[in-house]
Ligand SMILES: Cc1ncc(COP(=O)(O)O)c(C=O)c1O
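In structure tokens, the next block holds one chain alone, the form predicted alone.
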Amino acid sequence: MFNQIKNQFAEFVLSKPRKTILDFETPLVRLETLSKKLNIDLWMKRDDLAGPSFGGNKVRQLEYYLGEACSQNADTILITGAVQSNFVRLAAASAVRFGMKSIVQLEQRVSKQDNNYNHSGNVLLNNLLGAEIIHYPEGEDEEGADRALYVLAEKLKKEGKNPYVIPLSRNKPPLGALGYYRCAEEIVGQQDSTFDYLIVASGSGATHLGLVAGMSLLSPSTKVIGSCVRRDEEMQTERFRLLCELINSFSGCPNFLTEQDIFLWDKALEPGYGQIGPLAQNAMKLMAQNEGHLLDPVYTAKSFAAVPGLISDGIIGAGSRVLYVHTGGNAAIFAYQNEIQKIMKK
């Protein structure tokens, strides 16, 4: 049964149209100083280097969304996300590569009247990339945000355009997750021995889902743990359970992923999405001042915080071989300039 699912899922991934945006394998590097400091064998997958415009993990997902868009001869990409969304910015950059216009819808998920947050970082890059920026007033209404894009898409069709919507809500097939099944293949091909744990951010869930699918088939002894960056463990478990059901149905492998594949950690989420709590602050400083790599406040600071956090919780033991997936997002650092300056004074 295992080999049957493995082969069937691999064939399913190959059957989906894909446009290459990431032209190289991202490096797998050992974090020497932190390995000694944390008493583990710590590695990092440099997906912060993936793709154009400061890069980031979403480029692997966009290869499948734009593959489908190009197969439909789309001329316009529509996408929704938070004001400082890396996904939105990478979609705008990738659309340029394929000669498409991008319309990006920014949602008010974080209550900030900060000029840096609303105009710098990813917002500045969206403008530079030539994206048309529109706004959606709700921050926790994914289905409503998607619906607004589909309404706009219908209007564009009447004007003779051929739009393609990249959906956000959890009730759509997780097409982007296939990019991280392929990333799991890449990781397994790069490693010289098996990782005990793989740590990654868990927000919309597609990156996390793809890695769970890939590692469960290609490196079953590796435990994939998602660090919650938007919802608490209970809410994210519910979301991830539905995503597992969707990818099982989508791929035609009904007995593939189950609740037993869900591992989440949410202690760095506080005080909420897009806000920097104590554990995230410590993680930013720990990485920057020991390895020279930068983490952003929204995703990677909270996901990397899981590494020392899970060691403290007794889940990751001394000597464990751990892979941290750096999903990028460094453009957002500049949008949080005021908060980061306060952190550095502590």
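Throughout, we count residues from 1 along the sequence that is shown. Everything quoted here is computed from the prediction, not taken from an experiment.
Omitted here: the form predicted together with the named molecule. The next part is about that form.
Only one of 257-265, 213-221, 194-202, 124-132 lies within 4.5 Å of the named molecule in the predicted bound form by heavy atoms, and it is 194-202. Proximity to the named molecule in the predicted bound form, taken as a non-hydrogen atom within 4.5 angstroms, holds for one residue of Cys183, Ile247, Ala206, Cys228, which is Ala206. Taking the partner from the other structure, the named molecule in the predicted bound form has a heavy atom within 4.5 Å of a heavy atom of Gln61. Under a 4.5 angstroms non-hydrogen atom cutoff, the named molecule in the predicted bound form lacks Phe304 among its neighbouring residues. Among heavy atoms of Tyr65, none comes within 4.5 Å of the named molecule in the predicted bound form. Residues Thr327, Gly328, Gly329 are the members of 319-339 with a non-hydrogen atom no more than 4.5 angstroms from the named molecule in the predicted bound form.
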